[in-house]
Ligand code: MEV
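Only one chain is shown below, in structure tokens, and it's the form predicted alone.
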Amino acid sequence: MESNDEKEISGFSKMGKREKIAWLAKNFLYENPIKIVNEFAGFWHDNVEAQKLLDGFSENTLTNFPVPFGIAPNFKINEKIFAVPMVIEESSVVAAASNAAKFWLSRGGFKAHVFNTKKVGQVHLVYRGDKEKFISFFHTIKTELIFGVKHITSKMEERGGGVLDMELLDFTHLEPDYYQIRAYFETVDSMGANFINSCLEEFGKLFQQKISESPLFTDYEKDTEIVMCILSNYTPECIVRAEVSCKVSELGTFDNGSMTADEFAWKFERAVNIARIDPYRATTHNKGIMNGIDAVVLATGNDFRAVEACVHTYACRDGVYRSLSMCEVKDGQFRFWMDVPIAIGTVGGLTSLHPLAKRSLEMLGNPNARQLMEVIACVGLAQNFGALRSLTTVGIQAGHMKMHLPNILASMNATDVEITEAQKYFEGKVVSVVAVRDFLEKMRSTNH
């Protein structure tokens, strides 16, 4: 019997890439190591320097995992036309965003506005002593704490950023002796994680030092412990609004003319309202929004996981998970909008290192962080509009499965001839895995 000891390894990170793959093949894939090495190597970049750059982004890298890089054209945002780069592996997402962009192109396009770009960091600490004295002391030295990180913030301040403010929060009613210094930052065009974390760690050291030097505290009280210093990915004030609107009469007709503009507007508004009250629907509703947002975040070299975590926390900020988007049909006017927290950057990190991230930003006119926030939010809203338009008219499967047809055919090893015939056959028909399989089986039996 195989033991776990045989699968344990030391010094893995020091092994060469081919050695790592061969070890993996032997111990976890159970195939010919040469076959697996060649398979993984097939996705290596032909340019050695480019591959070296990619390998440096993470650890223990074996190969690359290609994901499609597409473009959604015709996005009119604040009167400017964009071709938006999107990195995503799911079929129909780019098509839906593109279709929605084209729909609104002749109806005024998208409007976007950033309300704030405030980011948050936390110093988590434990203090055992007189609460009022502790809080009062913090307020007397707050300015000193901010001044004490000038050696870190000076360059950021020259660009218009820095530490905005900080406060001491009392959480002792939830966790014994637990307090938190919550600091607020402006990081301008950088995401600012390293900058914020450096400031926070310095705040923690300075605060401990100030308490230890103060005659106000007993030796027992001076034993203040810093639990951790870290930024928060929840940035509820780093908000951008994306919006579209037009007269209801300008919406046109839907479902091959069988649905009027008034009927569509009514149904669309109800669909959004349902996602506002039902978390089950809201989850899928917001996932569709994030299809668009994540795709642009990835394309521009930003952290989609941080954006996802923040957005979903924001969606349940009142205690119930709700739709991010809202709709209002009033006085003959259709209005669809969304406020969403998006903390991203256009300088530093992968935005400056990844060749395609740099190209993506170039395609967008080398935007600053606020401008990129606006583009990202508009793509999310477009994606949501496209999904809801399908759901409330012809249904989601007709378009989605049509876009998914190439994937189904590929999974069934269809030849070029079979792919061409299948695309002709399923034009105007419902696409499903069973239907495609039946079509191929019939075609292959006829040919043989």
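All residue numbers refer to positions in the sequence shown, first residue = 1. Fair warning: this is a prediction, and the values are worked out from it, not measured in the lab.
Not pictured, yet referred to below: the form predicted together with the ligand.
The candidate spot formed by Arg281, His285 and Ala387 is fully in contact with the ligand in the predicted bound form: every one of the three has a heavy atom within 4.5 Å. Of the candidates Leu54, Ala414, Leu391, Leu62, Leu391 is the one whose heavy atoms come within 4.5 Å of the ligand in the predicted bound form; the others do not. For the candidate set Asn291, Ser325, Ser360, Thr235, a heavy atom within 4.5 Å of the ligand in the predicted bound form is found for exactly one residue, namely Asn291. Taking non-hydrogen atoms only, Glu90 approaches the ligand to within 4.5 angstroms in the predicted bound form.
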